[in-house]
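Just the one chain here, laid out as structure tokens, in the form predicted alone.
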């Protein structure tokens, strides 16, 4: 009997910590989102789901929700597509591999805020390095205001998001590649398998668990990413590059609608929770099969 309950007793401290760190703030968010709240955070009358209904009528929230999904899919998908070949190259033995790995990891070592500040300077419409380089190469004949409209600002933010996500994703894939025995590739080469066939039949199947980890962690990370969007455009111009987390910040600290901001936070929490549960369940089912 004691052995039966021992695992539960051993996990109690971590469960208690999770309850304090996660469930307590979520409970506070539920309280705020279901009450009328002053700008100073003082709870007033119970309002039920009024704040949630207000979100459904808010065109900016709907646009930010759609844009958050697009932002997450493009950044996570782009990072995965780039990180796999980069990890394969860095996993091979060549002169200067250690230096190459350090260079790839450098964007991860710099804070997101500093990275966004540097890119905001580089994309300056009048004196930015990107315009100067393109003018010098003769690819454009006048300056482009990269951050002045969503048509150019949002794609640039996506590219920067991919850039800063690649190092972490590459690290995950390098761990996966290092766990694959070299004997598999030697046997495949003796059988006449091409590098593409080796990737399709050996590397990719054995890398799937690490791909699943990268997808879940990067989705959570990118979905909640604040610095790139906020530092470069603050969701502008005219809220046209807002994602949910920047829209939430504006609701709470610029407009003072703490109830609606808490409702947005709960919606984000629910989306990530449902995604993670569904994806992990599908990945485990595929692994068992």
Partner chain sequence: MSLRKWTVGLMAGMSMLMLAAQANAGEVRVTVAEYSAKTGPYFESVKKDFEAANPGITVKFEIVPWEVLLQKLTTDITASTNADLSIIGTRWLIDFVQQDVAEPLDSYITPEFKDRFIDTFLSPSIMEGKTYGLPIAASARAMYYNKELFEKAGIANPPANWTELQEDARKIKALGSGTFGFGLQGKEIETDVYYYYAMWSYGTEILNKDGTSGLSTPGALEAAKLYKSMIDEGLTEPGVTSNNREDVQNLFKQGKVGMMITAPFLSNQIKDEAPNLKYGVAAIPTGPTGARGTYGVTDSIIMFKNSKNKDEAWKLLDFLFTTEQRAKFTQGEGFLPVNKEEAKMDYYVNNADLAAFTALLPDARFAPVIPGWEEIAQITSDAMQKIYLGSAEPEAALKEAAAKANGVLKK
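Positions refer to the first chain, counted from 1. Not measured: the values here are computed from a predicted model.
Same protein, other form: the form predicted together with the partner chain, not shown, and the subject of what follows.
Interface residue among 27, 53, 253, 46 relative to the partner chain in the predicted complex, by the heavy atom within 4.5 Å criterion: 253. Out of the listed residues 126, 141, 93, 182, 126 is the one that sits within 4.5 Å of the partner chain in the predicted complex by at least one heavy atom. A residue is said to contact a partner when one of its heavy atoms sits within 4.5 Å of a partner heavy atom; residue 148 meets this definition for the partner chain in the predicted complex. For residue 31, no non-hydrogen atom is located within 4.5 Å of the partner chain in the predicted complex, even though that partner is not displayed. Taking the partner from elsewhere, residue 249 is found to have a heavy atom lying within 4.5 Å of the partner chain in the predicted complex. Taking non-hydrogen atoms only, residue 232 approaches the partner chain to within 4.5 angstroms in the predicted complex. Screening 81 to 89, 148 to 156, 199 to 207, 166 to 174 for residues having heavy atoms within 4.5 Å of the partner chain in the predicted complex returns a single hit, 148 to 156.
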